[in-house]
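Shown next as structure tokens: one chain only, the form predicted alone.
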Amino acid sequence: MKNIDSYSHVRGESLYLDDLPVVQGTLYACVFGSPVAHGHLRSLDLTDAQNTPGVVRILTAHDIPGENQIGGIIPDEVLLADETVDFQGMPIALVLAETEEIARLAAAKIRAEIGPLPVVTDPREAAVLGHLIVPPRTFQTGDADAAFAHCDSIFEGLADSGGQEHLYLETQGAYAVPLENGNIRLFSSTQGPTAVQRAVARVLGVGMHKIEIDVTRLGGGFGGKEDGANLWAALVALATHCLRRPVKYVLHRMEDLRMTGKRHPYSSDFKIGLTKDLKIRAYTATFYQDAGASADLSPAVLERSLFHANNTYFIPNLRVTGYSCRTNLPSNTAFRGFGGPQGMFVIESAIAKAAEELGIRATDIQQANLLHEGDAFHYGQIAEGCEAEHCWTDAADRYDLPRLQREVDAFNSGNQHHKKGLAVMPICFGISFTKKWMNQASALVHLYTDGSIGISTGAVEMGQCVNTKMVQVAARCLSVNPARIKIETTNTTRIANTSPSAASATSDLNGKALQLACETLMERLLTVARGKFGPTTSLRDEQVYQNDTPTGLFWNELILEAYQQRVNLSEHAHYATPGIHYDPTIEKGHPFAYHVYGTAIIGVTVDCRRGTYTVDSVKVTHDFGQSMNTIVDRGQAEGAIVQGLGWMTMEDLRYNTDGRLLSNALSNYKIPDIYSAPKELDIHFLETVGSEWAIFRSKAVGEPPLMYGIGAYFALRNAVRAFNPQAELPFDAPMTPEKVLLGLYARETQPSLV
């Protein structure tokens, strides 16, 4: 089944927030953000801004009727600064004007007197100062310290991974419209409608029932619009509450870059111990997470790093500790992979360090330590349906890994100015929200008397084609043509108390809820049909069958018959993932419904005179389970891989020590384009039974493939070392061309270019 939005996307007819018809009387908003990263807010001069023709009002923290607080996990994030400012761009005032241009002009006229306070931009410095979002957490199994004494070789090091800008095509934004009796309808570009509803109600001091959130689709999210959307929705809702007029705010790209959080940068220490047969006997790591100025989702992201600290390896003695460090930067937030990639980068760096010191290939260590069925993860869960070795073997055989390595070696022997690198990246990624209570969803299905169908779920369409999959679920369960089905907008009035569309769990949770609703309706319809034709009656392809013989009763007629018998043709169903649990007091449990596995082989070529490079190929064997839509799943995997390559190779997010964003435009922050995408991207769907907790056993695909991009970093590292074996390369991602060039000529002993 093709993406149901393809036709309207191509014709430019798909509706996004900024496409909604503007209600008469709409005002436009613009934030005045802090010009400094940290300080006491002493005074605010609004005079010039208020006197600007077309300005209706300027709101500050004093205008908030409820609580000046939008923090989710921890209440540490104010909507508008009132006493201190904690990062450059932190909202202080909100200008409301008749046009967008006037609002921006007036915001530029606001002046703030801010007494300076120390600015911290380094998470390690923040940790030393005790600036932590939450107390540190440690996951462990076995006795790592004792096990190191029995290792034949031990290696230590430091690994840094940078942040990453979400760069969704549609920037953050919201549009609030007043309704009668003090109610507000909010159109929000959010992955979490209920989170927005909750935050807005808190700020306004009203019940959640007074706030309706409606989402048609997003122009991308990648995690940046999970809790990150709350701020902008709460601002326009506050304005509408105060003025009883519609208010719209869609951020300019430069505003979005400056004021929103990114993927968390990490600075980490590692220690790895191996036996003579290359088994990892002990591993320890300490993660220093740059959370930014407030918690946002940082504690949950750090938790996911700890869960995935072993990647896809069995390590009997492991201890990993995470520090969520408060700095004076915009609050970093969820990003595809949600902490998993940061944790995986560290273990892969430790393996690379060990391999380089031992004079062997990293693949020797990787393959020797792959998870097997029945192995225990360090958080207590047992590996069930483990496909780690299956994926590795399939990729190595399918793409002939020994031949690929021989070709790289031969090329490097015969070429002085260009060098190739090859790396293998196996992955294991758990699927579920790691908070048990978030693993639930609801769905509402209406069968109309003409045979058409309306479905509502809590899933938010943001380019991942979840709407297409939901239509597939309904069509399959009801045995009807998908053309009969309309999927409604995601709306908190129809489906309440939703979990965000995140964690790769959206299709599973909402699809399972929808499946339950459809199956209940189908049973009601079959009861009607069996009343006419007997117990062997079934419904297939919109027609009633008795045994295998068509009865001549079609879908439309059956629906009408059921209606006339006063059968309920609507169903609301709820699904909660069974069997998952986790006890944070002992850091043990069964937090994931299932795991996704895979292996990628990445090849690169480096121009040793310039430091530039190409990603030649990414060859993947991936555990999709029993994919319900190979077109959608392949597209998701391709997008995730390229996004992961960008994080690891070119997306160099930079702030100066004053907390000012330096990579503040697309002229100096580069994401992959068609020229930097792999020349060859081949993805093989591994044949597996899938998981019963995945919708139709079709495993989640949104996040896991991003981790394949990590392999590009190590492929580039191998290419640089092929040119300069003495190169002292820090484990510092992304591996930009500048870093490659420095690595190529890090010592005097590199080969001559003459």
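None of these values were measured; they are calculated from a predicted model. We number the residues from 1 along the sequence you see.
Below: the form predicted together with pteridine-2,4(1H,3H)-dione (LUZ), not depicted.
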The listed residue (Leu238, Ala503, Ala199, Val615) that reaches within 4.5 Å of pteridine-2,4(1H,3H)-dione (LUZ) in the predicted bound form by any heavy atom is Ala503
Within 4.5 Å, heavy atoms only, which of Trp555, Phe433, Tyr168, Phe139 is in contact with pteridine-2,4(1H,3H)-dione (LUZ) in the predicted bound form? Phe433
Please state whether every one of the three residues Glu226, Arg304 and Glu703 places a non-hydrogen atom within 4.5 angstroms of pteridine-2,4(1H,3H)-dione (LUZ) in the predicted bound form. yes
Answer yes if any heavy atom of Leu653 is within 4.5 Å of a heavy atom of pteridine-2,4(1H,3H)-dione (LUZ) in the predicted bound form; otherwise answer no. no
Does at least one non-hydrogen atom of Tyr283 fall within 4.5 angstroms of pteridine-2,4(1H,3H)-dione (LUZ) in the predicted bound form? no
Val134 versus pteridine-2,4(1H,3H)-dione (LUZ), in the predicted bound form: is there a non-hydrogen atom within 4.5 Å? no
So, in the predicted bound form, is Leu681 in contact with pteridine-2,4(1H,3H)-dione (LUZ) at a 4.5 angstroms heavy atom limit? no
Per-stretch contact check against pteridine-2,4(1H,3H)-dione (LUZ) in the predicted bound form, the hit in 624 to 632, 88 to 96, 434 to 442, 571 to 579 (non-hydrogen atom, 4.5 angstroms): 434 to 442
Enumerate the residues of 336 to 354 that have a non-hydrogen atom within 4.5 Å of pteridine-2,4(1H,3H)-dione (LUZ) in the predicted bound form, in sequence order, or give none. Phe338
